[in-house]
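As structure tokens, one chain now follows by itself in the form predicted on its own.
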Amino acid sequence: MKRLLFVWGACCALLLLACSPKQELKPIRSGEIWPDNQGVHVNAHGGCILYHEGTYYWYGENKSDTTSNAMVGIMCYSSKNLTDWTNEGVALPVEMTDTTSDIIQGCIMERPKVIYNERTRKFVMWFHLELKGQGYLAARSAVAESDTPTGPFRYIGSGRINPGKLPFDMTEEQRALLDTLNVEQYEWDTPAWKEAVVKGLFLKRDLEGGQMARDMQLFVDDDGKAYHIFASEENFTLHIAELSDDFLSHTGKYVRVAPSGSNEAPAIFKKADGTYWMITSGCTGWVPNEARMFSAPSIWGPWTQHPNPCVGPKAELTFGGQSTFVLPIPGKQDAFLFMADIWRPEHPSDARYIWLPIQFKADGTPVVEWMDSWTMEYFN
């Protein structure tokens, strides 16, 4: 009799569970305060999301109330559903005492991106670094590594990219043209100067010491190879550079994209048909501008520019934000989440986030349409 009662009770419990209403998904409302598990607005700007073993990890810049300089470091948050975020603390802290360190408190640490290396089983972070007190002169890339997604990440170093290397796809004719270019011969922002930038004016200037790198992105392709995409050549030209097998350095193989096009804030993704897409912004500082979009049949190009993908209120200003990352939704084909930042330089910590699903036209072209409120159910 006891056994029958036990079985009956278990059946009732299962029945109640099956009949209970499905847990309601929380809405995503771009531009609003997004509290973490402690009730504090998520402080992870210019960042990215890494999905690893069933958990999402959101990395980004910690912004203070009065300055965009790095006073804390790079933050990490975790979530199982993309709406409930747990503050995991500082994944890569600034250096507080060693004034010789690249990442001493007060430096600039921007656009942190983290990828996982299947071969080494390490988590690798790259970010745009500017040395303390030098404004945006350094234009360096910095790298750190961790055994776990939440850190702490071990800072390895920083520098300019691919010193002494020219783009692998430059023709002999294009290389010969470099010999005719000299920065001091041109007046800034003239037609002749713009033509020289396209030909590689700043590429040649920085060849020996390495190329500048500011707003940046990381991308791991289907074959496990990783790439570093960044605004270079005084922010006039994007570079796509191949990373080494351990993701900790560059191989020297790279291409230039949209020379003299003034693109930054690259966010790249790949559709199942093999097409690479990249959303960028213009270079207007903290002020929002119209998004741009490019596509290519290969990571190396050729890259073709398309009209602004944004649709809806303030679409001509990317809804008041700037692209930072595109997250492929795990387990879904051609499902992507567009992420952008609404910068507030007068109160940096109050910067807000824009998250919107990417839709596709009949011809496969991506569209980012404004939605006041939506849930992850969209991807189902």
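Note that this is a predicted model, so its numbers are computed, not measured. Numbering starts at 1 and runs along the sequence shown.
Heads up, the form predicted together with beta-D-galactopyranose isn't pictured, but that's what we're talking about next.
*Asks:* Using a 4.5 Å heavy atom cut-off, indicate which stretch of 83-91, 176-184, 292-300, 103-111 touches beta-D-galactopyranose in the model of the complex.
*Replies:* That would be stretch 103-111.
*Asks:* So which of Gly157, Gly285, Pro307, Gly274 gets a non-hydrogen atom within 4.5 Å of beta-D-galactopyranose in the model of the complex?
*Replies:* None of the other options qualify; the answer is Gly285.
*Asks:* Each of Tyr136, Asp215 and Gln322 having a non-hydrogen atom within 4.5 Å of beta-D-galactopyranose in the model of the complex: is that the case here?
*Replies:* Yes: each residue has a heavy atom within 4.5 Å of the partner.
*Asks:* Indicate whether beta-D-galactopyranose has at least one heavy atom within 4.5 Å of a heavy atom of Glu264 in the model of the complex.
*Replies:* Heavy-atom contact with beta-D-galactopyranose at 4.5 Å: present for Glu264.
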